[in-house]
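Below, in structure tokens: the form predicted alone, a single chain.
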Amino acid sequence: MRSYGQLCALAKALDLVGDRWTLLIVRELLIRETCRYTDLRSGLPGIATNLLAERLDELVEAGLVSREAAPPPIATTVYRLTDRGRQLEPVVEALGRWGAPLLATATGKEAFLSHWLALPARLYVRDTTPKAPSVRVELRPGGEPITLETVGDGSVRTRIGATGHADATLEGPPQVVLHLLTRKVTLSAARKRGVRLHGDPKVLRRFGPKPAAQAPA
């Protein structure tokens, strides 16, 4: 692992997570929590196999990721963030907010995997009526669906995969779906931009932007 060789907290942090692909590995582990090597590789289009193995070794050595053998029926090696590694979530969230305006310059040639929407949905969306019965919304931005569920404390839980009994389903461009859930666009405007809603539109009233005071630091 290369080092800047500086007695500076930022430099020390970048010694551990500043290399290419490292924070994207952290992103995958924040989304899936527990990952097989094949999960990580499929979630990181463009990474070389040997580079992924090298980055994982470095993260394990740094105490940011744990590597363990999963029992049957999985019976393979799995990776998950340690407590120290999970402390990177606010860092990833802040970089995501900073980089969001850059999405406007997308060329259309960039890779996109639908499960990437799970992390911003969890970080930026809140339940506006936490005392009401739980609701589930299935997001279909193309590819693997994502389930968004209210959990009773004002936050939402996301998981990859469909739900058998969604109260509503949203299909369409991922950015527009996220803007709809955070009330940056109306349902009418979202529909004009390719979003399709199946189910009760009133369910969408349960969701709104997470206030700055509640958002990750």
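The first residue of the sequence shown is number 1, and the count goes up from there. Keep in mind that this is a model prediction, so the values were computed, not measured.
One more form of this protein should be noted, the form predicted together with the DNA, which is absent from this view; the next part is about it.
Taking non-hydrogen atoms only, residue 188 never approaches the DNA to within 4.5 angstroms in the predicted complex. The DNA in the predicted complex comes within 4.5 Å of no heavy atom belonging to residue 183.
Contact annotation for residue 46: at least one heavy atom lies within 4.5 Å of the DNA in the predicted complex. Taking the partner from the other structure, the DNA in the predicted complex has no heavy atom within 4.5 Å of any heavy atom of residue 33. Look at 36 to 44, 162 to 170, 175 to 183, 149 to 157: in the predicted complex, residues with non-hydrogen atoms within 4.5 angstroms of the DNA sit in 36 to 44. For the options 77, 87, 128, 134, the one in contact with the DNA in the predicted complex, meaning a heavy atom within 4.5 Å, is 77. With the partner omitted from this view, the residue of 12, 193, 20, 196 that lies near the DNA in the predicted complex is 20 [heavy atom within 4.5 Å]. Looking at 41 to 63, the residues that come within 4.5 Å of the DNA in the predicted complex, counting any heavy atom, are 41, 46, 48, 49, 50, 51, 53, 54, 55.
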